[in-house]
Ligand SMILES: C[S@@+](CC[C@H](N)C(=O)[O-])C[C@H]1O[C@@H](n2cnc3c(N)ncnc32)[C@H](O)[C@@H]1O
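Here's a solo chain for you in structure tokens, the form predicted on its own.
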Amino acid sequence: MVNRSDIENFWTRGDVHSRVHQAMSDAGLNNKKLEVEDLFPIDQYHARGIAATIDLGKRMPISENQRIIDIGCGLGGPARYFAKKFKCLITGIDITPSFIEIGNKFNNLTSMSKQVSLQIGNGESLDFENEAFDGGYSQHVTMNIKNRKEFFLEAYRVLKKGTFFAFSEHGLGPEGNPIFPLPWADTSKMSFLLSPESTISLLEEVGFYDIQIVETSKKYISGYEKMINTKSKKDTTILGIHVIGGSTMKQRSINSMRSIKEKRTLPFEIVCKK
């Protein structure tokens, strides 16, 4: 079983605070007022970065002033983007304390603290009342969730009736297990992939309906290729997901791309209703 310290160590790869501070300093972004967009290269800590966030946002029916939950918010990049775009209020939770600390600092730097609130939490046991939110989403989190049904049950519980739940993930492909290490797991100890069919069945069992799924393999292969091939350029070496992911991030990304190409994994997005 993976404990909290193992999770923290995996995601932070050492002193993540110092790495982020140094990268921000090198990019000339420390101690100045920033726009949400200034942080896109570093705070969209998932495959395809801001492009994946924008794509998911296009499918989410968020209205102004709605209260939305981000389960597994990371550094809060998607939360800040959606809060600004839709003029909504977002509560983000993540199991990694360092990500929440950095994310709240980023909220202050971008003057988003009134719209975005980030706190430590576990997606399998949400500390919120029933039907507290007008919608919810999760980006590239479920691959790490062993008890997927409990995760979906908790999302269902905290959402109001008639609202939506959206998420993106790398599902299990038809050709078997992925190649480790990966961006979300160094070994199978932290990776719990499900096929799209199994995922849909669980959602239906929990009570979600009108489940819309879109396969995104080609987009992710293209995104990985772009990231890997431009890694040495100056504009991507200062701020980038490697600042968070550490020195192994490139190889983990290559393995993820290869896993998709070999149909070991299958990325997809889902939007469903409660």
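This is a predicted model, so every value here is computed, not measured. We number the residues from 1 along the sequence you see.
Beyond the structure shown, there is the form predicted together with this ligand, which is absent from this document and is the topic of what follows.
Among 36-44, 23-31, 202-210, 220-228, which stretch has residues whose heavy atoms lie within 4.5 Å of this ligand in the predicted complex? Partner-contacting stretch among the options: 36-44.
Going by a heavy atom distance of 4.5 Å, is residue 169 a contact of this ligand in the predicted complex? No, no contact at 4.5 Å.
So, residue 141 and this ligand: in the predicted complex, are they within 4.5 Å at any heavy atom pair? Because a heavy atom of residue 141 falls inside 4.5 Å of this ligand in the predicted complex, the answer is yes.
Any chance residue 99 has a heavy atom within 4.5 Å of this ligand in the predicted complex? Heavy-atom contact with this ligand at 4.5 Å: present for residue 99.
Applying a 4.5 Å heavy atom distance criterion, does residue 123 contact this ligand in the predicted complex? Yes, residue 123 sits close enough to this ligand in the predicted complex that at least one of its heavy atoms falls within 4.5 Å.
Using a 4.5 Å cut on heavy atoms, which of 178, 136, 103, 72 is close to this ligand in the predicted complex? The option sitting close enough to the partner is 72.
Tell me, which of 89, 93, 112, 194 has a heavy atom within 4.5 angstroms of this ligand in the predicted complex? Selected option: 93.
At 4.5 angstroms, heavy atoms only, are 51, 165 and 267 all close to this ligand in the predicted complex? Spot residues vs this ligand: no contact at all.
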